[in-house]
Ligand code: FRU
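As C-alpha cells, one chain now follows by itself in the form predicted on its own.
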Amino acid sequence: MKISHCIILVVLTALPFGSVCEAQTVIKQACEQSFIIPKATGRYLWLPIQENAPEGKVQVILDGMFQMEQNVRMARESVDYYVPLDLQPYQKGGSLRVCVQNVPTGSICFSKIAQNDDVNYELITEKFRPEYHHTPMRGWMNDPNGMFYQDGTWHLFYQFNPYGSMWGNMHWGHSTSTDLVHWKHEGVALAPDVWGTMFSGSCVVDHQGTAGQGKGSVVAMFTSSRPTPFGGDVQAQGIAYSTDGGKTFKKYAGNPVLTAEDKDFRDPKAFWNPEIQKWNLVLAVGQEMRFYSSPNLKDWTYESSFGTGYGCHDGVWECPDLMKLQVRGTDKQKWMLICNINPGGPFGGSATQYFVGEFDGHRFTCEHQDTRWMDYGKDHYATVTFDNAPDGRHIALAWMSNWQYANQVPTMQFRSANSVARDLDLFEYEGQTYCGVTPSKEMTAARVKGNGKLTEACEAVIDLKSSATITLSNSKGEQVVMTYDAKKNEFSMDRTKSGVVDFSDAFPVVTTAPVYGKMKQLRLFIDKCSIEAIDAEGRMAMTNLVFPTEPYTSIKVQGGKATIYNIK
C-alpha cells in the first residue's frame, strides 16, 4: 500500500463570515500526493476521523516555519466523526500549509475534508452524552486540571485531545461555569510546545502578586512531557500566566521551573500556605509524593517526601492534592492528602485514595497506615479541588472513567465526563478520621420538582428505614441493583446487567463500600451513562458508569421511599 505525504495549502483570504464550503469543491488535486485549497472559507478545517485507523500526522506550517504537529487517525475507508483544526491562531497572513503524513493515497479523508465557521459542523447527537455533567464538546477528556474560582466564575481545565476521542495530543481544554452545573466551552488554554505535551497540573490565584504578574493574576503550573531518543519520556514542570482572569495564558520564558531525573515526575498541585507565608507544592513521583516550597512559584526548594509504608502501592501515584479541613462537630482541623493511583483501585484499575494527618509546610505526617478510598466505584479518578473557592470550601471534581476501558466506552465523538461537584470535609467514626464527601449545594439548587417518574437525567433521593434494595431497570430487562445492608454497614452496586457491558471484561462488576454509621438518606445522581450514589451525610460515595440500550424508566425501592427531582 502506498503511503502519501500530502500537503493541503490553505491561502487565507477574506470571505463572508459563516460561509461554508465542502472540501471536495475547493480542493484541487495538484498531484497524487498534494491537495491545494485556493481560498480560506472559514475558521475550522474539519478533519475526518476513523477510530480504528492507525495514527497519521497532521502538521501546520506558516510561511515555511513549523507551527505544530499532532497525531490524528485520519479516515481511511469510512468517517466516524469530525474534529476541527482551528486555523485562527495561524491567521497572520502568508502561506499556511497543513501537511497530512503517513496516510495511504486514496483514503476517504482527502475527499471529505471541509472548511467553514460552523462550530457545530457534523456534531453527533450521542445517546450517552450526559445532560448535567461536564463533557468536552468533541474529543477526549481525562484528568481535571487547574481548577480555580474568581469573580463569580468557576474555571475547569482538563486533559484534552482536540483531534480524536482517544487519549493523545495532550492539551488543556477550558470550560467555565457560574453554578457548577451549566458549563460553557472556552476552547484550548494550553497547547503542546517544544518542551512537550501538556500533562496535568493546577492553577492558583496569586492574590499578592508574588510571581510578578500583578495582584490577582492566575498562574498555571503544569507538567510538560516529551519522548527521548532513547525511549521513555522526560517530564518537567512549567508555569504560565493569565492577567485576564484565565481567558488566555502566556507561558513563562524561563520554563521549566522544576526538573528531576525521575521517570514519573508530574501533576503539580500548588497552593498558598499562610502558616509559612509561602507557596507549597505537592508533586507525584513514582509511588511517592514530594513536597516543595517557593516564595514566587518559580524558585522551588525540596522539603520532604511521603509514601513508603502507607496506603496502596499497586500502581503509579498521580494527581495529588493537599488541603486543611475542618473535622465535623469539633474545633479540630487536620490535613488531607489526596493520592490518585493507577492501577490498584479497590475493584481494579484507577481510583482515588487519601491520607489524613498533619502538615507543617515542610513534612506530611499520616495518622493511619490503612488504605482509604474516597469513592468505591470503578469510575472516579484524578480527583482534585478548586483553588480560591469561596467561604473556605474545598470542592472536588473527578474524571468519571477508568483506565482499564476509558478508550473503549461506547461513545464516539466525545469520551468522558466529570463527576458532580462535591464538597470535602472530615468526620470521626470509632476513633478514626475519614474523608466526608457531600454533593455540593449547587446540585441541590439545580433540583426541579418533576412528575415523580424516573428520567434518564435526574436525582433520586431515597429515604431509608434500615436495609434496602434499589433497582433501576428498563423494558429490556437491563438493570442496576443497589443494596444497603444496615447490619454490615455496607453498600453495593451491581452493574453486571446494566446494558452494554461487553466492550471490556473489566466493566461488568459489583462494587462494595463501607458505610461509617447508619445511612438515613441516599442521593442518586443519574445521568444518561452514570450513577453516583452518595450518602446524604457524606460518609459513602460510589461512582459507576452504565450504558443502558434504552433509559431506565423504573425505580423500585424495598425498605425505603424514593423522591425524584429533575435537574434544570
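Each residue number is its position in the shown sequence, starting from 1. Small disclaimer: the values here were computed from a predicted structure and weren't measured.
The following text describes the form predicted in complex with the ligand, which does not appear among the structures shown.
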Listed range touching the ligand, judged in the predicted complex by heavy atoms within 4.5 Å, from 138-146, 365-373, 81-89, 470-478: 138-146
Heavy atom of Trp272 within 4.5 Å of the ligand in the predicted complex: no
Close approach of Phe199 to the ligand in the predicted complex, 4.5 Å, heavy atom: yes
Arg266, heavy atom within 4.5 angstroms of the ligand in the predicted complex: yes
Touches the ligand in the predicted complex: Phe157 (any heavy atom, 4.5 Å): no
Position in contact with the ligand when the complex is considered in the predicted complex, options Phe110, Tyr132, Tyr354, Trp403, heavy atoms within 4.5 Å: Trp403
Interface residue in the predicted complex among Glu288, Asp321, Glu318, Asp423, criterion: non-hydrogen atom within 4.5 angstroms of the ligand: Glu318
Residues within 4.5 Å of the ligand in the predicted complex, restricted to 150-175 and counted by heavy atom: Gln159, Trp167, Met170
